[in-house]
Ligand SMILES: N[C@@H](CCOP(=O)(O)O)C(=O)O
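In structure tokens, one chain follows: the form predicted alone.
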């Protein structure tokens, strides 16, 4: 992610001794994203990713790291957190919480084809089922409550047309969240940020999901909608690409069949997923934090997607 907290190899000389990894021999900042400070870390024991958490607290972080451990134990392809000699997954670095996880093989697939979308859909369903018995509970911290807090912070920066869109969609989503269909949706831990750059492939073989630091308990359908809105679209227009949508949804359904309530809620949930990222990009764009290598994402991308989801029916869920 963007580097908010600078770290040098010298800073790690003593710190790394807490871990069974040997000495740190190389460190490189990762210049993408806008939430945490991430580094590729090479040690005498191998290749890893070091993360310094800029917003999440020591108290919040066990949910994410223990979830990754839980999923890895059940065959879901995710980075494995590395514990210290004392068994701790989270330790201070420069006064902030930090963790080390294994580095996944491969690279992100930024031009996905149906075969890649099918692999993501299948693994996402496996992840949802594997997390059903995860004992820790934490809400999606970028869910409806956060939308309500953030909307008044960004409205003053918007054109009259976009302010109307935001207010209208918030009204729609408030009503949707209060309906019987929404209450019937299957729930559990979700990734909530499964974009193309958070999945690794070697060729057509999926090697892992990573960056679980927006995870929380929410509807599984929201997780599917977030993923579809990134993997299965024309990036310039936001229009859904039906072959990729069908590949992802059919592969997901083959592992975890969709329910009648989910089929009813599909279009509103695609809108909810677009709204969530439009809001967060507006917030990051108009109220940015200082960081090395930080370039906020363009909010208009998810504005286009939201308008498209409102205007155009999506391919339906397999039923």
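Numbering follows the first chain given and starts at 1. Model, not experiment: these values are computed from the prediction.
Missing here is the form predicted together with the named molecule; even so, the following discussion is about that form.
Relative to the named molecule in the predicted complex, residues 198, 211 and 297 are all within 4.5 Å by at least one heavy atom. Picking from 58-66, 273-281, 247-255, 260-268 the stretch near the named molecule in the predicted complex, with a 4.5 Å limit on heavy atoms, gives 273-281. Heavy atoms of residue 223 never reach within 4.5 Å of the named molecule in the predicted complex, leaving it off the interface.
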